[in-house]
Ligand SMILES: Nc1nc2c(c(=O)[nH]1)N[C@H]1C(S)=C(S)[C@@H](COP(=O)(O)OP(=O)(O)OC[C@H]3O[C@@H](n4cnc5c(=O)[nH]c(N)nc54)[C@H](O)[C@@H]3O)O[C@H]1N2
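A lone chain, given as structure tokens: the form predicted alone.
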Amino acid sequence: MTKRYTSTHWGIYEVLQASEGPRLAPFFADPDPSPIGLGMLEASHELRVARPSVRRSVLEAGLGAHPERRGNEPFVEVDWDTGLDLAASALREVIRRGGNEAVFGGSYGWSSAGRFHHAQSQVHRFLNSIGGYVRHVDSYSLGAARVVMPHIVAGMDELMAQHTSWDVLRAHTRLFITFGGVPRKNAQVNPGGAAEHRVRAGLAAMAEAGTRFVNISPVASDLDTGREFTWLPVRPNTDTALMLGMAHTLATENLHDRSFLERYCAGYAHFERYLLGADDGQPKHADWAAGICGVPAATIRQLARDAAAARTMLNISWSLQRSDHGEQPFWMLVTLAAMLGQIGLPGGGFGVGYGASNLMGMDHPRFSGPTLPQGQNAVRAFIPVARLADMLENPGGAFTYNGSTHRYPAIELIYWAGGNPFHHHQDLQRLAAAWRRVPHVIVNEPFWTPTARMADIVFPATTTLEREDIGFATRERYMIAMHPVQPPHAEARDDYAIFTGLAERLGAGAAFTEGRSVRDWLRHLYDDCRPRAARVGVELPEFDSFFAAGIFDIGERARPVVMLEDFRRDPAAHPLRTPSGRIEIHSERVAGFGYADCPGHPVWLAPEEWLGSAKAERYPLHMLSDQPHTKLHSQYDHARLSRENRIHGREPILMHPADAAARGIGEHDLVRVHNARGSTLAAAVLSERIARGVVKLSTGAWYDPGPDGLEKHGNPNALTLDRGASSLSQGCIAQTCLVDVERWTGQAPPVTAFDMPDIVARNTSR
């Protein structure tokens, strides 16, 4: 029998048939498989939405009734026709009254590695087929970087797909300086699926070849090379100041590459005036930087000299731009790399996220794979993704974004498919209050997540394991024909079937489906990408052969990958897409926007909350909220792997022993983490591998608020700050967050995040 496979964002898995039923095993070609997917089959039977479910007030009092009760009243299961009729009526009435600009299409794109059953594409295609919707742009992960980097050098997608490959780093990089580490746990994932997890082996091979590693981070454990490395504990949100101190040393000791700056860059002279203090009287030397970032001045100077003396790769974690003024560290990293003059050379230059996903450092042939067309959106209104609560609270209010001023639309209906805003968003008490202002919320969801519980109508969606699809990811080696592993749970339907039923009720069935079944669409999308693959030398077999085989090996790379190699070889023939065609250390365009919080070149701007601010007197600990190692965002938080990581049923919070001792906290004590925005319960884990004054509480715990506002489960977004990174990007700043921690001495409230919601019988007496 032909072996079958399934693809997830955290890896490809083999489907094995056993007497007790199917089970999943690691992919034969994966050198470092993620354990996350191994438990998804078991977890796929738990906490499922079994049938279309409607909030009781909506059935008893009509559409839009009592939105303030969301999350606090029972659901009633209904048949599919009833559920679809109600949802179609809500959409029809909202569009009639307020137009399509009153509909917000929410999704976050990580629900499926399959390219057809990609919930974000499905919901957007459906809403476009009925006239459009208000969309979001950018991402919580990369809100600031996605906006600023095209002004400086290139878009993030382009940069991520051309990162210098691991074999080149091993052969040429002698010094690897990383701001925020290379967190292998984050590189478990790749949009579209990870086939060969290479970060562990890549780092180990570099260390064995003699590469020296320097990790500039509040946490030592976000880098693992298999050998010793230099750890420089830095105050969170101050990396820009440290980089400026290094740049000052390069400039004043004549270690910067002036020929590179003149040929390949624009605006260095303007930046240098700021660097040397010509305008503000404050040179950004290492002593100045040390007072801000906490790294000794002598260390900063020597690190700059070492970087100039060796083939050096500068890397930055995505977490650094998830902060107040998050554009600045990314802009400054590129500037520092330009001063070293090694951009475009093998093993030198910069990386914007080695370790952020499996994509960076991969070297297989690159082409655009199967992609479901989403149609044309007739609505122009949009929001930066992290400004969701602002939009719901302030309809008609103005916001700036990337040089323009826009207004928040008045949203009357949210349709969410794929994702969990009650995980991703900040200041969740605020979001919950704003969410309850909207008259209608419809959600497609396999599980009773916090978002499903906060809906009016919930449609039971299938999981990846219950449908057929095509798994494909940029630069990965294998394309996967995904066959169902198990039948759909109860009455669950895939998003395509759900949206087909709604589109037909709204007169858009033909526009949405184009007359194609799921298998027809898979064939169409596959055949559509075959010519693109052929242009890079990849000959995909015909569809039936591929789908029967279950897997196709795209093949080895043609040559090593070196980021911006063509640009360096001939900047006239291969210009960047910036206004000058060069690296813009000073951007006239950004300067022209007139934003005081994001001027035309990289600068140090103090965050609203940091350990050097007056607010630290009240809340003296800086909380980092990184990605979890046991799940992707909040997906499968109810699975065994995630639950076994809990202590007393709560997420662990990492603390320095001295900070814990000062508060009378011991190992595994239950603690209350709090600030003016909220509080949550977590369990203390003590380690000297985190800087003093810093705590780390990973994201992903399903939001579980109690009646008194205490979040019971360890969700850091009960505490994080919900405002934009700057007037330029409006990106998420979850990493800018001061808290305090105290030992919990009372009776611990039970965790109820994994309890099924109340589902009651329909009242038929009315």
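No experiment lies behind these values; they were computed from the predicted model shown. One-based numbering along the sequence shown.
Missing here is the form predicted in complex with this ligand; even so, the following discussion is about that form.
For the options Arg115, Arg650, His440, Arg322, the residue carrying a heavy atom within 4.5 angstroms of this ligand in the predicted complex is Arg322. In terms of contact with this ligand in the predicted complex, the residue from Gly347, Pro365, Pro446, Gly294 that brings a heavy atom within 4.5 Å is Pro446.
Here the chain stands alone, but in the predicted complex its contact with this ligand, taken as any heavy atom within 4.5 Å, falls in 216-224 among 216-224, 396-404, 512-520, 201-209. Looking at Tyr108, you'd find a heavy atom of it within 4.5 angstroms of this ligand in the predicted complex. At least one heavy atom of Gln735 is located within 4.5 Å of this ligand in the predicted complex. At the 4.5 Å threshold, heavy atoms of Gln374 stay clear of this ligand in the predicted complex, well away from it.
This ligand is not shown here, and in the predicted complex it never comes within 4.5 Å of any heavy atom of Arg387. Counting a residue when any of its non-hydrogen atoms is within 4.5 Å of this ligand in the predicted complex, the one hit in 354-370 is Ala356.
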